[in-house]
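Only one chain is shown below, in structure tokens, and it's the form predicted alone.
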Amino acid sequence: MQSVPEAYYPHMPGLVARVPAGAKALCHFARRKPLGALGLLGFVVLSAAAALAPLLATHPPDLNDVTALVRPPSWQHWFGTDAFGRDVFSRVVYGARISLAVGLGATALGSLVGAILGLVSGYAGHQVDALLQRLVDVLLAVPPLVLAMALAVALRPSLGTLVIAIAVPVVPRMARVLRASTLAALGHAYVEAAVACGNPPWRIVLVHIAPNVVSPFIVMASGTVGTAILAEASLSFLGLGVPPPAATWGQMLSGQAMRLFETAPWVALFPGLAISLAVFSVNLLGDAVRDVLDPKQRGV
């Protein structure tokens, strides 16, 4: 598609040339990776629902209506009501806030700390590398969900606690990936030239190595968001997430929802579909990002 000449918009120079470029890039990505574009669309829809929850919710999420206990989906309650008369649709919409906040926050925190450890470990080498890698080995020896459960129990239940509990298992995996990428970058001529020019170690790591290991960092982080969302749902299901009355998808699947599943399946069905949609969308987007940034792993 040919862009309109800037002469048509003399009061906005350069605007027309930029807009088609972004649209072309998005269309090119959608053509190359249609499943990735579908995942991006699903993630954008969920993010918009979380951001606009006060506008989209048809009822207060914590309102107990004793006159509408366990009602099936209707025009008044789109997803029905639970055993306390609370509107399931409103709770699903508000639950998206906590699930996405925990998923993105835990991924960002764990990936950042792991990246720092990986860069330091790979560049420093010797005793520093050995010490950090033994710490990584200890964290990797514990299953991620078990480690997250132990941290959630040890710390006071809150949104911040949930983010930390899910972020800690992310750290060793990111550290291993970034350490390997750092060791590979050390063998390149540009790093040797930077060392020969007398650059301090911090400058070599931040200016010369870190920008060249961004691709594996993004690939690893994008694939972790879905796992973090699922971990949040699992901890909330076990009663280790954000304490009530906050609405979370995992919490909506536990307790009364399990006992009412045969007679009122909508109580657990819609939160489960929301979790599936979130994880599926993020995984599709993560696979597409991996294929674009790291073609060698395509199909793995």
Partner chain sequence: MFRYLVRRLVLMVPTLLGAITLIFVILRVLPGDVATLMAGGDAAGQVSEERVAAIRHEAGLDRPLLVQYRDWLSAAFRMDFGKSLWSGYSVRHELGRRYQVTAALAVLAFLVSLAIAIPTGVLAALKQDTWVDYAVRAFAIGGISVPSFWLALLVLLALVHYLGWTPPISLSPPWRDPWLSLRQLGVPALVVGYHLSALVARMTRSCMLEVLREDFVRTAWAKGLSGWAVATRHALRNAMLPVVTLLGVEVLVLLGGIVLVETVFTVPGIGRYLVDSITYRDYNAVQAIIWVFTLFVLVVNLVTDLAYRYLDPRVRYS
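Residue numbers count along the first chain shown, from 1. The shown structure was predicted, so the numbers you read here are calculated from the model rather than taken from an experiment.
From this point on, the text means the form predicted together with its partner chain, which you will not see here.
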* Asked: Are all three residues Pro34, Leu140 and Leu145 in contact with its partner chain in the predicted bound form, where contact means a non-hydrogen atom within 4.5 Å?
  -> yes
* Structure fact -> Exactly one of Leu46, Ala53, Leu40, Leu238 comes within 4.5 Å of its partner chain in the predicted bound form through a heavy atom, and that residue is Leu238
* Asked: Leu206, Ala154, Cys197, Ala180: which sits within 4.5 Å of its partner chain in the predicted bound form by any heavy atom?
  -> Ala154
* To do: Consider Leu26 of the chain shown here, and say whether it contacts its partner chain in the predicted bound form, taking contact as heavy atoms within 4.5 Å.
  => no
* Asked: Is there a non-hydrogen atom of Val279 within 4.5 angstroms of a non-hydrogen atom of its partner chain in the predicted bound form?
  -> yes
* Non-hydrogen atom contact Met149 with its partner chain in the predicted bound form at 4.5 angstroms -> yes
* Contact of Leu230 with its partner chain in the predicted bound form (heavy atom, 4.5 Å) -> yes
* Structure fact -> Given 207 to 215, 109 to 117, 95 to 103, 130 to 138, the stretch touching its partner chain in the predicted bound form at heavy atoms within 4.5 Å is 130 to 138
* For the stretch 259 to 275, return the residues whose heavy atoms include at least one within 4.5 Å of its partner chain in the predicted bound form, in the order they occur. => Phe261, Glu262, Ala268, Leu269, Gly272, Leu273, Ile275
